[in-house]
Ligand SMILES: Cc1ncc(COP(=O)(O)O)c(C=O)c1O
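The chain below stands alone, shown as structure tokens; this is the form predicted on its own.
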Amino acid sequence: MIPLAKPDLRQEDIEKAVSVLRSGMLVQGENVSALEESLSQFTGVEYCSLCSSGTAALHLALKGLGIGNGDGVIVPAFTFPASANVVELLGAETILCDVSFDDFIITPESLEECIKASGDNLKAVMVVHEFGCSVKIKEILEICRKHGLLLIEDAACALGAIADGHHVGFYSDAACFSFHPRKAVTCGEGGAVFTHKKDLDNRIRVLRNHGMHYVDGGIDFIEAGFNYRLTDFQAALIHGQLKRFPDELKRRALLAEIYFSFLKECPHLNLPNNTMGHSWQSFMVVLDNNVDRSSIIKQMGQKGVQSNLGAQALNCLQYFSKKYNFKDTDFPEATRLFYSGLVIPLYGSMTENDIKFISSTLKELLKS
């Protein structure tokens, strides 16, 4: 079976984690601190706080920025529910914005329309760089500043992506990343919050560790915080992957180009935009409306290729549709992507023959 994703975990990475396990010093420690510094250097964003998951990172970022009860937060209608779940957990209001059909992200134009239709409680915008495709972040930042709104980047899939000349996370108030196994760099579960704001970083570090603050040689608890720490052996797994990551990014870009060449004339299938700076975390195509995606996924699996839906249209999910009375037709692009999007395998150790086989298999199924 060709899987959707395959982590680039090597023996030296495992040995590094095992050495931490043998040391007995397992919780947040020197490997976490060293990785935070390496990630800041890699992204060009001054402060990095590691935590237990990408969802924890989003929760910390919004809480740290003061998002709370009754505040409105714009979120893409097409995303994994974690993006909006953290808004809900803080007692804020989820305001959905439709995305573009060709690259699955919020555009400046759709954001402006959404802001105009929103209420006076609007406080922040969360953009998602879906599958590693970055939004037009400078234009979106200008819109946010014009309206006095905070800007948060859900960059869970976008480590290595470039937006307007900088790594994603450079322009916003806070950016959040994930190290889940579907991501190109992984430690099982893990996340990170990046910011240029020292005060925000300090608050996130307090919040992730029970609200603990070190003072006068002792500790005090200055907030009702969380236990969102990353373990030291998880951080140890990432060091080697991060050093190899520039080569992984180049490899993914090459593999994506091969997909484009093999699938450009595939019937009943729409290819995504080949956007500059894309990190190609995942490769999603969109099937025509009359294609039975479930059947395609099943038949692909029978032929040895794993595939799946891409992300969710939040307006189509029970929780959000019941609470906010959303309908499928409210956000047509997100709904179409939810029901017709198909993610096919992409990871650095794939070969050109793998992609040729996947592409020819998909073409044959869509012809029949």
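Values in this document were obtained by computation on a predicted structure and should not be read as measured data. We number the residues from 1 along the sequence you see.
Not on display, but discussed next: the form predicted together with this ligand.
Per the 4.5 Å heavy atom criterion, this ligand in the model of the complex is contacted by stretch 173-181, the sole one of 173-181, 143-151, 247-255, 204-212. Shown alone here, F80 lies within 4.5 Å of this ligand in the model of the complex, counting heavy atoms only. Within 4.5 Å of any heavy atom of this ligand in the model of the complex lies no heavy atom of G169. In the model of the complex, this ligand lies farther than 4.5 Å from every heavy atom of L237. Shown alone here, L35 lies farther than 4.5 Å from this ligand in the model of the complex, counting heavy atoms only.
Note on contacts: among A156, I74, I106, L230, the single residue with a heavy atom within 4.5 Å of this ligand in the model of the complex is A156. For the candidate set N315, Q28, T55, S340, a heavy atom within 4.5 Å of this ligand in the model of the complex is found for exactly one residue, namely T55.
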